[in-house]
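Starting off, we have a lone chain in the form predicted on its own, written out as structure tokens.
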């Protein structure tokens, strides 16, 4: 490619046309300052026999680059975290549904009936009579699913702080993983405004609101966070906004730098304390007014 400015050379510069790996990497990483007649330059340099040959090579290289990018994404840590939290939720949901079936069925066969996964665990240890064998086996499936959910949760609690250290510190590992899964990845979560983070998981309520059939939701899955759940109902909207704001910053820090920012934890604590203090001040003022009225 003599005579061509280095800044205008194509992705195929210095590549053996039969080296698929090098071509794939060049497509993924290559850039140019401006557009050019790349097919003509590829032919001129001897890289391709003609324009059709150039486009055949380009097609194969771009398809390989796309496959590599998809594979890289699917194997990424945050993608594995998404699979883990969804699998945990599935195990817990199915275990609870089967536990209801077991409780109803076992109630017709055993005298010491019960409900829930705990009852299934007790029943799973039973040496069943012939008539009880199938329901006991089903109880054992519930126990196994509950055990698998616990293993998945333990894995999430180990992995989430490595994938998203700030988000996990603020939200807890399980909620952090759930937010990443709902957003579709850590990068996607990092790009979302705090208002969207606030209502992740409340999509049905949000759509109902947009159709004019319900009030605007104040929070989605972040309701499970202590900062929201343990705040007075009248102040939960404020608490949810404060939490979502810090979670958004945490997600961006995790995705773009990966550096731990402990000051976010303290800022959230202070903000939630301020929100809750307003309610305490109002209660104190009310009590004072009442006392003054009695004295009069």
Partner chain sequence: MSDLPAGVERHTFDGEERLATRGPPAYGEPTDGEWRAWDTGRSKVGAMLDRGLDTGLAADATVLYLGAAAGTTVSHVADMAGPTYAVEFAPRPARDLLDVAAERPNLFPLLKDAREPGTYAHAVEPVDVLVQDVATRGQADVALRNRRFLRDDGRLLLSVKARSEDVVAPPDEVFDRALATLREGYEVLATERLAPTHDDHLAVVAAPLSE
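Predicted, not measured: the structure shown is a model, and the values here were computed from it. Positions refer to the first chain, counted from 1. Note that the rigid core is defined as the largest set of C-alphas that superpose within 1.5 Å between two forms.
There is also a form predicted together with the partner chain; it is not shown, and the following applies to it.
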Each of 94, 119 and 277 near the partner chain in the model of the complex, meaning some heavy atom within 4.5 Å? no
Answer among 265-273, 230-238, 34-42, 243-251 for heavy atoms within 4.5 Å of the partner chain in the model of the complex: the stretch 34-42
Just to confirm, residue 257 within 4.5 Å of the partner chain in the model of the complex by heavy atoms? no
Would residue 210 sit within 4.5 Å of the partner chain in the model of the complex, counting heavy atoms only? yes
Taking the partner chain as it sits in the model of the complex, is residue 69 near enough to touch it, meaning that at least one heavy atom pair lies within 4.5 angstroms? yes
For residue 28, is any heavy atom within 4.5 Å of the partner chain in the model of the complex, or not? yes
What residues, if any, in 47-71 have a non-hydrogen atom within 4.5 angstroms of the partner chain in the model of the complex? 54, 55, 58, 59, 62, 63, 66, 67, 69, 70
Align both forms on the core first, then report whether residue 62 has a C-alpha shift of 2 Å or more between the shown form and the other one. yes
After superposing the rigid core, is the C-alpha displacement of residue 259 2 Å or more between the shown form and the other one? no
